Every structure is written in C-alpha cells, then in structure tokens.
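Okay, here we've got a single chain as structure tokens, the form predicted on its own, with questions on binding and movement later.
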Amino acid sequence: MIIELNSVLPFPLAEYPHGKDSVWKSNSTVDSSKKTLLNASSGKGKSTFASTLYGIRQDYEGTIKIDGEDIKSFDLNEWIELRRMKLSAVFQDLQLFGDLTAFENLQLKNNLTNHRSEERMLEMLDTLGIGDKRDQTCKTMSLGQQQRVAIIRSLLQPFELLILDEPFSHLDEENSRIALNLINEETDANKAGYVLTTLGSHHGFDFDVELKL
C-alpha cells in the first residue's frame, strides 16, 4: 500500500508555520512496507496526521491517495473494508469499551476477522505484562495498562499499515521496548509496516523512514 500526500494542509493548522521538510504542504509518501517514525513536539499535528491517514478527518486542503485513489472518493463500505483488512490503528483516546474486560475488548475486535487464536491473544497479554488483568474492566485499569490492551487489539486483524499515535505515552522505557518488540514481530509476520508518532525517544530501535511536521 502506498499513501501519497500532495500539498496536504489541515485547516486547523493553516495559521501555523511549517518548515520546508514538513509533510504538511509538501509531497510525501507513506509506504506500508516501511517502519516510519514521526517525531514532533506537541501541537505540530501528530494526532491530526494519524486521524487524517485513517480517514476520520477530512478537513484539509490538498489530496491524499491510497494506491492511486483519492480517499475523499471512498464511500462508507470502502472505508469499512479498508479498516477491516488493511489499516489498523491505536489512537491517543484508545477507544476501549470501559465496562468490558480487557479480554472482552480483544475478543470483540478479533471476532471481526478471526485473525488470531484465543491462545495467541493470551500470549500477547502475558508478553506485555497484563495477563493477570484479562478479566478486569478497562475503566479500572491504569492508562498504561489500557494502552497495552489497545496495542494488542490493533494487532488482531490483517493489516498492511498500522497507525500508532503516541502508543507509549503512559509506558516506561522498558514496557515501551517490549511493546515495540511485539509490534515489530507482528508487522513483520504480516509483511506490513507502521507509522509511529511520538514525543520522545526512539526506544533504541531503528526506523526505515523518519517524517517531520
């Protein structure tokens, strides 16, 4: 999957200055075979970038094309299929169902495509150190624990590109490293890539591409 951004500028960011190397107002490409880092300070539009790529926001000038097709031409059914089979995401608000348990949140996602076995989902919970939280409602979990549930949930579908908007903002360095290891393992297994936005360090990992805002 190739995503082309041609002179894209979100309307809410129109009054802010943008550097010559910014993806805003320039021609940039996101390749789903690459691991892409988007490291920028607060207010530069990282969340706007993530939600725009995912098709949630369409308040921008310019064009965004996925495999040559303008995303503003996609109808609801096309977006549903794209998000079911090719695009997955973790957003800052996490979008978990607070009254459901961690495992119930995972099951809801997995039931859409039956992409993973129950055993594999439990392994992922254990890997990220929250296996003992599987039957705890998400609203009673810490933000760091909720982030780990959301990360696992994003991996429970086929995807070509994973969009991760500050997925480690409530995790310490060690848990961030473990989570990124899992993300790398799953994206490699899917022969996929990701875009990861962050305020902080690279967590010791190498990325194929670095974009700027």
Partner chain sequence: MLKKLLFAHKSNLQFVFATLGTLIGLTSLLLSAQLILDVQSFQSNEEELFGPNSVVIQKKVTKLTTIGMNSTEFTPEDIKGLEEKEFITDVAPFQSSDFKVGISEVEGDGLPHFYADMFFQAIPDRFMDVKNTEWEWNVNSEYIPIVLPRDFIMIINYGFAQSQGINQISEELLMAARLQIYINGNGQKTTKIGRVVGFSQKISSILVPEDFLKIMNKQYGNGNILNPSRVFITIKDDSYGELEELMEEHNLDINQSAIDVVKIKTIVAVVIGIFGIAAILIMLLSLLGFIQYSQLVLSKASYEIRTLLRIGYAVRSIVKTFIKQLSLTFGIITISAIGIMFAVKLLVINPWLEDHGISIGASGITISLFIGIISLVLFIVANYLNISRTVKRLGNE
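Positions refer to the first chain, counted from 1. Predicted, not measured: the structure shown is a model, and the values here were computed from it.
We do not show the form predicted in complex with the partner chain, though everything after this point is about it.
Query - Residue (of Q95, S142, S73, S117) lying close to the partner chain in the predicted bound form, criterion heavy atoms within 4.5 Å - result: Residue within 4.5 Å of the partner: Q95.
Query raised in the report: At the 4.5 Å heavy atom threshold, is E123 in contact with the partner chain in the predicted bound form?
Result: No - in the predicted bound form, heavy atoms of E123 and the partner chain never come within 4.5 Å of each other.
Query - Q107 within 4.5 Å of the partner chain in the predicted bound form, heavy atoms - result: Residue-level check for Q107: yes, a contact with the partner chain.
Query raised in the report: Contact between K35 and the partner chain in the predicted bound form at 4.5 Å, heavy atoms?
Result: Answer no; every heavy atom of K35 is more than 4.5 Å from the partner chain in the predicted bound form.
Query raised in the report: R84 near the partner chain in the predicted bound form, any heavy atom under 4.5 Å?
Result: Contact with the partner chain, yes.
Query raised in the report: Can we say S47, R148 and L182 each have a non-hydrogen atom within 4.5 Å of the partner chain in the predicted bound form?
Result: Checked in the predicted bound form: no contact with the partner chain for any of the three.
Query raised in the report: Judged by heavy atom distances of 4.5 Å or less, which residues of 41 to 69 approach the partner chain in the predicted bound form?
Result: Y54, I56 sit within 4.5 Å of the partner.
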